[in-house]
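Only one chain is shown below, in structure tokens, and it's the form predicted on its own.
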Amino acid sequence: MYTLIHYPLCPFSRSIRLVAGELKIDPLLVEEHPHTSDPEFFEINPAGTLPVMIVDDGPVLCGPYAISEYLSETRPSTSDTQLNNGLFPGDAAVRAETRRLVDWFHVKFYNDVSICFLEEKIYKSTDPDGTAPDIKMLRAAHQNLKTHLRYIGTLSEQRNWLSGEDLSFADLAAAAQLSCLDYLGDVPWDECEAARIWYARVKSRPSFQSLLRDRVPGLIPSSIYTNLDF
């Protein structure tokens, strides 16, 4: 039995939910806000960050890196899972590339793009004391997003999936970041066809369906959010 402490529009949480879906894991979902001040949560994860996975008769896993590596080692894929060769397929060089790209999306993409949209358009809107979105910051993040989309497009044109021939955690990490922005309708898909085609492939996988059902009170998803043929 697995329990996943998450937030619906936390990209790190979403990446692990995609992993769970690919590995046929159906965790109990417990919602926690990324800006939580709950002392009980800090007892579970002193860093106060999401996601956290609690394994019955097993460890408490904090953060997408620890969770993905643990599941990759303890839940090897079989013929009835969506992943062909686990979360980190291929030889040592391909696995290193997967980890590089996971770091790219969970650190660089998040800091360049996601954190701005999340803070300015989601967290502020759900905070009773929140201020108006900073338009200048959003404009800069939107320009950064275009650069990242072009990079995704280049990778997807050179390879079958982002890090190689097989779907990997790199694809799930990237799609999780983009899915939050897609909810808001802020991804200029018409400006990078290759990235759109890649994202549509991931979005159409069964593991993605639970994400498409997510709703945040007071925030209606974009018209294309649940559309697989966008």
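Note that residue numbering follows the sequence shown and begins at 1. Keep in mind it's a predicted model, so treat the numbers as computed, not measured.
Note that the form predicted in complex with a further copy of the same chain isn't included here; everything after this is about it.
Remark: none of the three candidate residues (D186, Y225 and L228) comes within 4.5 Å of a further copy of the same chain in the model of the complex, counting heavy atoms only.
Checked against a further copy of the same chain in the model of the complex, the candidates T154, T147, T74, T131 yield a single residue with a heavy atom inside 4.5 Å, and that residue is T74. Site annotation in the model of the complex: the residue of L181, L167, C192, C62 reaching within 4.5 Å of a further copy of the same chain with a heavy atom is C62. Residues placing heavy atoms within 4.5 Å of a further copy of the same chain in the model of the complex fall in a single listed stretch, namely 46 to 54, out of 46 to 54, 195 to 203, 30 to 38, 173 to 181. Proximity of W161 to a further copy of the same chain in the model of the complex falls outside the 4.5 Å heavy atom cutoff. Residue contact check for R95: one or more of its heavy atoms lie within 4.5 Å of a further copy of the same chain in the model of the complex. Not displayed here, a further copy of the same chain is kept clear of E120 by more than 4.5 Å at the level of heavy atoms in the model of the complex. By the criterion of a heavy atom within 4.5 Å, R99 is counted among the residues contacting a further copy of the same chain in the model of the complex.
Counting a residue when any of its non-hydrogen atoms is within 4.5 Å of a further copy of the same chain in the model of the complex, the hits in 100 to 120 run R100, V102, D103, W104, K108.
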